[in-house]
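Below sits a lone chain in structure tokens, taken as the form predicted on its own.
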Amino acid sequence: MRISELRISGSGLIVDGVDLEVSSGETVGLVGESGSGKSLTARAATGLLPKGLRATGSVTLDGRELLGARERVWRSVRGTRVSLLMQDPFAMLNPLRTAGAHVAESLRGRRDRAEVLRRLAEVGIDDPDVAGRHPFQLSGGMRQRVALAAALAADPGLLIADEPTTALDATTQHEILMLIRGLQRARGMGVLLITHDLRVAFELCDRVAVMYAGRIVEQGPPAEMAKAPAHPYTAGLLAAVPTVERRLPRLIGIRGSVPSAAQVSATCAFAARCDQATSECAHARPPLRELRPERLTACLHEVRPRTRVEEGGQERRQVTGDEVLRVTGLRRTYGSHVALGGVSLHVNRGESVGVVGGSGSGKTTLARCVLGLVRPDSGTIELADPVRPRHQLVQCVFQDPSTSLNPALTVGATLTEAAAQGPAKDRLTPAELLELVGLPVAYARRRPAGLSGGERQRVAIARALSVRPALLICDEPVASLDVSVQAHVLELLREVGTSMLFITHDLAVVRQMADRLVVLARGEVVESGDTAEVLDAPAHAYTRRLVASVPAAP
């Protein structure tokens, strides 16, 4: 597939002149922050733009022009020549149809049960009973495997995978990515991998294109780009990537946020956020020029070397022997399923304890029990103060801040309402809370819809801190954030200093956040100890598998 001078517009310009090519047998990564236009580029390449948006330029598949073609032409191409695999398999799978029916529907020619089972086995599903199950009866990883089998059933020459593993735990993510790589090599098909996870793109792809504000700003082989990025935006993204190998004293993100393509159509799109910007950058749009074969950049200047932050110990928290949480023998079952099978752990004052494990390991059930949202079958939960109400002792920061922010209320009203639930003495004002999380006081007049994802998460953190809790439970607080925004939010949580129970499936993130680590598998603690010791020399086979699944930092 060749995409040339692709422009997408609605009420304004969204994608501004994208040029991209994917050859047979090649995996090309398209990376960048949310709002850069990655997913709309994929939708334009498959004829699936939302109503109200229009695309100009050229999209050719094996020399055949598709942009502007009638829907019947797209239908003859989709699935058979090019397939789209999306982040949420529920968006691709009909809840009323079985896994086998989804695959059979996409097959060309032979559609018997044997062929359906062969296609499911090709994506690692060897249990024939899965063919008769509906999507809600499958785990997240299994649903994504079924979606992949359906997407590849008609043997397309190109697979466009749009954030295919974002919602999956580390081991399942690794399995799906290795599966896509193996199938791609066996079939010789092209893959366009769209992701905001640079670790995934740089490990899996032959070529990586970096997208910002609707345009490509750099392109090249990942090894060369990691060693010497040719655009300041790429360098900023790479500097923000956490590593599982060591704890960094400081997490560095890019200041500001992504502008719309319309705002920066005549200038360097990154100039307002760039530390190397000159007056020349604001007066003209830098072309995407060739540095050498296969290396392209849209920067006028030579990029300074990447900032490397070395390992340091001075950032560790001041931990006392006072416990703010002790969980002993916690059990919780749902029918025959054991969610928690006797979990015990503790958190000291000022300490951050990480809880990791795959999907279904019991992490979220543990958090809900501590928060009082789920009643355990047996076991005890002891908090710092048996007199104060639970909601004043423990608060939660969720993955999606929209679950804790009322869209109808201003930020100021939300924080005032939350602070009123805490002690009256020394109650924090909205201005003080916003300052605590690094946001302007003027944001008190805004509503959540007027904030970026990272800003909404900062407000959610301020809301949780408003009652001065002894313990903050963070349940995947940065899983849905871009790498640069993630760095800002993690650094904020480290600076706050409140005791934390930090739940995540990302071992690189937990390395930066946790003093001690608890590994859960099928509702049981299989390993615990100092974070560095557990991750550097895991004793349990399950922990070793988790660590081995983490993509290397570029």
Partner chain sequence: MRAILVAVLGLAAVAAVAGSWLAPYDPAAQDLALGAAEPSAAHWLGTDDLGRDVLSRLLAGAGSALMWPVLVAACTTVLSTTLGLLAGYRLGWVDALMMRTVDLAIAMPGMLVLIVVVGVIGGGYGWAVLAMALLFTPGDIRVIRSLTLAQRELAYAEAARTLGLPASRIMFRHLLPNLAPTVVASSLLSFVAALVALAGLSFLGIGLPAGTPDWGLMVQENRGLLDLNPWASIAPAALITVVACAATLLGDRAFESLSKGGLR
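Residue numbers count along the first chain shown, from 1. No experiment lies behind these values; they were computed from the predicted model shown.
The protein also exists as the form predicted together with its partner chain; that form is not presented, and the subsequent description refers to it.
This chain is drawn without its partner chain; in the predicted bound form, the residue among Ala431, Ala262, Ala284, Ala413 with a heavy atom within 4.5 Å of it is Ala413. In summary, among the residues Thr166, Gln421, Gln137, Thr328, the only one with a non-hydrogen atom within 4.5 Å of its partner chain in the predicted bound form is Gln421. Contact check for Arg427: no non-hydrogen atom falls within 4.5 Å of its partner chain in the predicted bound form. When contacts are judged by a 4.5 Å heavy atom cut-off, Arg463 counts as touching its partner chain in the predicted bound form. Residue contact with its partner chain in the predicted bound form: Asn406 places a heavy atom within 4.5 Å of it.
Arg368 belongs to the set of residues with a heavy atom inside 4.5 Å of its partner chain in the predicted bound form. Heavy atoms within 4.5 Å of its partner chain in the predicted bound form belong, among the stretches 212-220, 354-362, 118-126, 389-397, to residues of 389-397.
Each of Leu373, Ala449 and Val467 is positioned with at least one heavy atom within 4.5 Å of its partner chain in the predicted bound form.
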